[in-house]
Ligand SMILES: C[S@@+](CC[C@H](N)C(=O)[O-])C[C@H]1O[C@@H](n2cnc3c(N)ncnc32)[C@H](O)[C@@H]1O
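Form predicted on its own, single chain, as structure tokens, below.
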Amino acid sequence: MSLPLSLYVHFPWCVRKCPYCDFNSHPVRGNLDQTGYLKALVMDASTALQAVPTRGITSVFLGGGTPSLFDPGTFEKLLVHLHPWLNPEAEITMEANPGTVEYQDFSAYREAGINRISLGAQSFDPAQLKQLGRVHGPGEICTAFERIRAGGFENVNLDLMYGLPEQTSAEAMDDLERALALGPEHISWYQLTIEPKTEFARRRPPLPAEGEVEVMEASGRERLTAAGFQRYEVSAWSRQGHKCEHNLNYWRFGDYIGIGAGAHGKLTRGGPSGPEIVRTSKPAQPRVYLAEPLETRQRAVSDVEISLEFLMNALRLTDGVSADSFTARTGLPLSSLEPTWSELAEMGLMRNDRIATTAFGYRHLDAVLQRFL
């Protein structure tokens, strides 16, 4: 069985490292070597894709860092190179930050082949944006969104966070209202979490009380539903026909190739005793990657890890996945989920007809996953 195949391309540079960010990102110092990085990506992609010559790419995600620091021409050349592997209707997303796009012509990104934009708004509150280390203000979010629409994009995501330092539920709802007023097709609405090895982990800001965050989540869920958005994953909301296909492939445990500094991938290979899942990773430091773009670390995933990874992805989806897809995508028998699955179903936390939580179980997803550990 051939699994869907996606491509993730990492652009590790940004204007400034945000204090909450644990992604592989590096502040720009001097001029970006766009030509050199493009050459490395092309070499990396060619080698990786030659290993899967019969599989078409269903989606591409240009992430970072801040990909919108790169010229449209760089993406055009990359996508021209990828064209033989791209499915005709492939979703091609580029992340953009409002503070780095004011001089870019988005029609050029559209002409390059990009058909979806994910705009990192995070908040519309000037004080919060400053605390979050963002390089833009509320007005630049609106300006960037207008430029994206003027460039011909009809599929736009807004990233928005709640549970920000000392934020009230009223302030979180004001952010959400301002995001809805722009009219995006998709909203990624997620809670700020303090990740290890970030500036916020070293100097923890005062976060709202748990009860206040719960009010934000419940109020936001109600407002997004009333506005015509469908929640299909923990933090993903879309209008009809605008789910993010790339992220759906992750959550459904499809395969993906990762190219670029610090990129990760997952590939399923056939073996004498069944499918083998391999995780790949590229050197994180841009200078190391540029020197050796073909260097790739590989690690076979154990059966125990595969089962848990599958559940940690699939159960994030509000409707989960079919029971058949577990064996199809892991090579493991469905019985390997027992007796925990049946026990959780009896407790009203999981459905017994597919690998999915009940509505009650979805509100206690961490506890459900803990049982499988």
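All residue numbers are counted from 1 along the displayed sequence. Because the structure is a prediction, the values reported are computed rather than measured.
What comes next is about the form predicted in complex with this ligand, which is not displayed.
Asker: Would you please decide whether T66 lies within 4.5 angstroms of this ligand in the predicted complex, comparing each non-hydrogen atom pair?
Answerer: T66: contacts this ligand in the predicted complex.
Asker: Any of the heavy atoms of T193 lying within 4.5 Å of this ligand in the predicted complex?
Answerer: Yes, contact at 4.5 Å.
Asker: Is A356 part of the interface with this ligand in the predicted complex - any heavy atom within 4.5 Å?
Answerer: Outside the cut-off, so no.
Asker: Can you check whether C21 is within 4.5 Å of this ligand in the predicted complex, heavy atom basis?
Answerer: Yes.
Asker: To verify the annotation, which of these, E140, D125, E185, E95, has a non-hydrogen atom within 4.5 Å of this ligand in the predicted complex?
Answerer: So the residue touching this ligand in the predicted complex, by this definition, is E95.
Asker: Work out which of D71, E199, E212, D159 lies within 4.5 Å of this ligand in the predicted complex, going by heavy atoms.
Answerer: It is D159.
Asker: Looking at heavy atoms inside 4.5 Å, which stretch does this ligand contact in the predicted complex, given the options 114-122, 262-270, 169-177, 75-83?
Answerer: This holds for exactly one stretch, 114-122.
Asker: So which bits of 224-247 sit within 4.5 Å of this ligand in the predicted complex, heavy atoms only?
Answerer: Nothing in this stretch is in contact.
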